[in-house]
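Take a look at this single chain in structure tokens; it is the form predicted alone.
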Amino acid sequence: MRKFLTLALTLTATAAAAPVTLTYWQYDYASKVDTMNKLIQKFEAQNPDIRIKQETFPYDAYNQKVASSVPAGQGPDVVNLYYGWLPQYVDSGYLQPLPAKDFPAKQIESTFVPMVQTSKIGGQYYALPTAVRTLAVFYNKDLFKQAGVLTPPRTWEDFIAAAQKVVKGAPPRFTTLGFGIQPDGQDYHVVREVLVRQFGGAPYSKDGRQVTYDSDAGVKAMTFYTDLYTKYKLGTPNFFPGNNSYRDAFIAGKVGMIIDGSFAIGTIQKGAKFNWGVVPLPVFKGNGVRSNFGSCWVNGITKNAKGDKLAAAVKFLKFLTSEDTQRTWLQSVGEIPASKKLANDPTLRRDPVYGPFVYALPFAHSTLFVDEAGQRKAWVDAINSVILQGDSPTNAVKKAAADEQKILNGYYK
């Protein structure tokens, strides 16, 4: 009897000591996956009663994997998602609100940069970022020197002039691009959130429910961007194969300039074998209006996390949003810390690579997406209708506005 009692107590103690295992999902982006693996090792060393299992999936398949797994009680306990997907994730019931006792709203809003408020839906926070991103111009210093371009562009007029000197060949037989044009990269954000505003307009109403770029400013923005391809012949989309054609071509030394997010810094640092630099997005001469697009990937807790798993998920989310983790993310991935304190660090603001991205934070706009994929498609299709099919910028803007307004109406009404 004593042996059975001892065995029972041993089994109970073993069961009590068994670690909680959380499944963490993010999409497959090399620098992020590698960094997360290292962070998980650190977290597990600090929390021996918790194990984290990271699983990754291709970007294009990611949302479908979440949609098919979470409702069935499978898949991630903690999930990394683009901020623009959050309304759909919340509406679909994939996420649970962050426990207010662990993540008070006032504390969140005093700690994080204002962009964090895109994660607040119906008065509750559903996710938090480790880092935020803005856009800037990456340029190849060696190609600039060879072409006789002495300084990086500060205006759009200088941007065109520099690209014209760098570009070699002509469509469809370019050998070197002046500008790595890519509508479905970051460029559609530039047209919508940067150029529309620089031409005196606004892409949406203040509440985000109405499209307002079907205007003179919207047509001018579309015309300016598509002229880079049709009129100035600075480059061509999909110059290299793959989803990140423009960035891969830049890393290969075949492009003078690209517009990309701070998240690309780590990849470019590792891959580029030439001298390169970063400058803020240009302004128009005599205008001076600055704008930028701000975005982030956020981590949320799915409805799968309950009881001990929920408690463990809270610990893991606090770790992922800590200042130490944000510093690691900056150094390894290149994204700007989401902490107000860290983002305002004078050393970071003066950094020649990170500085232009931090500089843009005060005037960066984060679109209130309701269906990021659908809204992106409306814009990319419109741009492609001009540069690939010869449609007019006016018609393209009208079509994009109608398609996107239909999406917004479907969500809000």
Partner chain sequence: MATTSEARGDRAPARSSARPGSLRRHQILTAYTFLLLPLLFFLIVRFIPTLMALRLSLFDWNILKEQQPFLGLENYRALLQDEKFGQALKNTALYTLIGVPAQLVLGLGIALLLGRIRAFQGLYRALYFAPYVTPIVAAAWVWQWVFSPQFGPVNTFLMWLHIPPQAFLTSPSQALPTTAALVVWQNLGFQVVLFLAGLAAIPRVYYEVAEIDGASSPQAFWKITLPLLNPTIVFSVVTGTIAYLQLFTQVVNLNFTDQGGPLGSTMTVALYIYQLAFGRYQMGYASAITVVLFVIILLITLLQLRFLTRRYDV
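Note that the structure is predicted; figures quoted are calculated from it, not measured. Numbering follows the first chain given and starts at 1.
Below, we turn to the form predicted in complex with its partner chain, even though it does not appear here.
Though its partner chain is absent from this view, in the model of the complex it lies within 4.5 Å of a heavy atom of just one residue from Asp34, Asp381, Glu44, Asp28, which is Asp381.
Distance criterion of 4.5 Å from any heavy atom to its partner chain in the model of the complex singles out Ala373 from the list Leu348, Val353, Leu368, Ala373. In plain terms, the part of the chain that comes close to its partner chain in the model of the complex, with a heavy atom within 4.5 Å, is 166-174 out of 166-174, 336-344, 100-108, 275-283. Heavy atoms of no residue among Leu39, Gly271 and Thr321 are located within 4.5 Å of its partner chain in the model of the complex. Among residues of the shown chain, Asp227 is not one whose heavy atoms approach its partner chain to within 4.5 Å in the model of the complex.
In the model of the complex, its partner chain stays beyond 4.5 Å of every heavy atom belonging to Asp158. At the 4.5 Å threshold, heavy atoms of Phe240 reach its partner chain in the model of the complex.
Using a 4.5 Å cutoff between non-hydrogen atoms, Asp308 does not count as a contact of its partner chain in the model of the complex. Contact annotation for 49-65: residues with any non-hydrogen atom within 4.5 angstroms of its partner chain in the model of the complex are Asn63, Gln64, listed in sequence order.
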